[in-house]
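In the block that follows, a single chain appears as structure tokens, in the form predicted alone.
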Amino acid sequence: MSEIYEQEALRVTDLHKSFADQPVLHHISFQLLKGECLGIVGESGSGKSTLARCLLTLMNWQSGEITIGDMNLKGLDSRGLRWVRSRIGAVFQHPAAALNSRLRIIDSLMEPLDQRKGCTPSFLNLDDAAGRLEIACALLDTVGLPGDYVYKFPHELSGGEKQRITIARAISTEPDFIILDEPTASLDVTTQSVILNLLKDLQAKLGLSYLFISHDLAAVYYMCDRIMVMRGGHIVDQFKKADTFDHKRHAYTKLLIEVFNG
């Protein structure tokens, strides 16, 4: 295993979440290593999105720990929450909902960096004195979009182009890891492939760590180094991608594989 994997980007320990005394996450534990893509796959209602909201500190949980580096996310004050949220990137299913329809692309794209005055992403290889417009254009170039898109509004872009914008925004702060929550589910098949390839290319180029959440085992298998299967709020299976078709897989995993194989 490459040295890039030696450190953890994220650790979840015995995480439990209930709604009205109904458990939706049952004491789950896992780790995400730096530089890897960990896939979380499961049907609707398995707890995937609830887990994502807990990791993003958008939702409280009853017990267990979420740790980034040496920072425990439980019970943080407002300053701690701002720091944590700056260390986690996120790309969601519906890019249009993630972009303010009244703002030009430059303003939506640069929002995270505007909150961190004087911060220039190191991977852009720009001078520290680079201006806001120069940084925005360089970020667009990183995701394969022309610089003049900074002046456009979201309604002028296709779904795939809008998703590229949200990806550029997610990587702009050089986060510890990025949550990809069904990032291609709202796109047509051709565009899905393009976006998945872009994500893989950026991971290889920038050493990104991904938590890839999906109901689509085919997409998870393509993207991920390791796979975690959830059902009913439980982790029922965890394995390296190379072991996906092993006969020891959980019965539910085998069912997903049957769907994957058509």
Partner chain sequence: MRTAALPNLKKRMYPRMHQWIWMTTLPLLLLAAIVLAPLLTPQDPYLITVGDRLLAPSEAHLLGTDHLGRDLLSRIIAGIRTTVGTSLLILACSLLIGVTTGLLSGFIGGLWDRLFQRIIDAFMTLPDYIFAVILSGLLGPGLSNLLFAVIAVKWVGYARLARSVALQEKEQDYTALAVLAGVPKFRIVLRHILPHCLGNVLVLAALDLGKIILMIASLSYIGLGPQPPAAEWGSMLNEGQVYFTAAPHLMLAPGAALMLTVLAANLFGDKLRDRFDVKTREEA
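Predicted model, so just to flag it, every value in this text is computed and none were measured. Numbering follows the first chain given and starts at 1.
Note that the form predicted in complex with the partner chain isn't included here; everything after this is about it.
Stretch-level contact check against the partner chain in the model of the complex with heavy atoms at 4.5 Å: of 23-31, 49-57, 228-236, 195-203, the positive one is 49-57. Candidate site formed by 208, 218 and 245: none of these residues places a non-hydrogen atom within 4.5 angstroms of the partner chain in the model of the complex. Taking a 4.5 Å heavy atom cutoff to the partner chain in the model of the complex, the contact residue among 71, 185, 119, 124 is 124. With the partner removed from view, the residue among 147, 144, 160, 80 that has a non-hydrogen atom within 4.5 Å of the partner chain in the model of the complex turns out to be 147. In the model of the complex, residue 128 stays away from the partner chain, with no heavy atom inside 4.5 Å. Interface membership of residue 111, defined by any non-hydrogen atom within 4.5 Å of the partner chain in the model of the complex, is confirmed. Under a 4.5 angstroms non-hydrogen atom cutoff, the partner chain in the model of the complex has residue 97 among its neighbouring residues. In the model of the complex, the partner chain lies farther than 4.5 Å from every heavy atom of residue 190. Contact annotation for 213-241: no residue has a non-hydrogen atom within 4.5 angstroms of the partner chain in the model of the complex.
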